[in-house]
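The chain below stands alone, shown as structure tokens; this is the form predicted on its own.
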């Protein structure tokens, strides 16, 4: 079977399967937390549109950017190969004429699509609840799609990295947590070029709001010490991170010999 056909077949199977799992339902419900927060904020801050815009940005930065996409990518990315080994289903997959590379790429694509859908629903609902009074403003939609694009790139980059981690290490969750919520959090406050050794730096560089700008109310603290990379370079960096770690995950998975009990 050709690689492209094998990837499409693997994608279709795991996308359909993934929609029905308890893990997907749990994470989908978690993605609705900011919607409840948005409804509460709307009621409390009724009539104060500037405050609502600030709260909207805070929700994006804190919940979606620094927590939700990281936790989604961690559990889905590390499971791309590990769950097949732990559930002893890899041998059944390999009885079909499907290359190991297609398993990684197909599952990565399926999980990335599922995660992106969950992010889009949670972000869209919370964002438009908070900004219900500005629905006629075209800039509102431009900012939303930019947010969504940033989070989509984050899903790809983090999932590729965690897929590599899950393929290379037998117990990848703890190192993944240390990276996602240790390194990625701490390095944001390092001055200079050190920040560029993180995924979150490039994601924040693409956000439409900047400290001191007219639309940046409420985010100056979260963007403290950010020395942004240009948007074009940030996008290229995120795509490069995705491609490199996905290629490494495929290479390690192809090279590994799995035996019963691994």
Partner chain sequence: MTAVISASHLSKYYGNVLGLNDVSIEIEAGITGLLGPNGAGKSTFMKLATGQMKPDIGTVAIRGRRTWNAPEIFRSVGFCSEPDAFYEDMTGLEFVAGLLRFYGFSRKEIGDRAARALDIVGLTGDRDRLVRGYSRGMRQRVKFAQAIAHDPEILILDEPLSGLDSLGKRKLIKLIKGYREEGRTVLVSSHVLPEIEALTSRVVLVHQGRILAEGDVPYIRELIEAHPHQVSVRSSDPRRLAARFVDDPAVLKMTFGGDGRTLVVETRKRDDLFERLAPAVLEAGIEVEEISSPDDNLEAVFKYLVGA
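Keep in mind that what you see is a predicted model, and the values were worked out from it rather than measured. Residue numbers count along the first chain shown, from 1.
Beyond what is shown, the protein has a form predicted in complex with the partner chain; the following relates to that form.
153-161, 90-98, 140-148, 119-127: which one contacts the partner chain in the predicted complex at 4.5 Å, heavy atom to heavy atom? It is 90-98 that comes within 4.5 Å of the partner.
Can any non-hydrogen atom of residue 255 be found within 4.5 angstroms of the partner chain in the predicted complex? Yes, residue 255 is a contact residue.
Does residue 240 make contact with the partner chain in the predicted complex, using a 4.5 Å heavy atom cut-off? No - in the predicted complex, heavy atoms of residue 240 and the partner chain never come within 4.5 Å of each other.
Does the partner chain come within 4.5 Å of any heavy atom of residue 244 in the predicted complex? Because no heavy atom of residue 244 falls inside 4.5 Å of the partner chain in the predicted complex, the answer is no.
Within 19-33, which residues have a heavy atom closer than or equal to 4.5 Å from the partner chain in the predicted complex? Stretch hits, in order: 20, 21.
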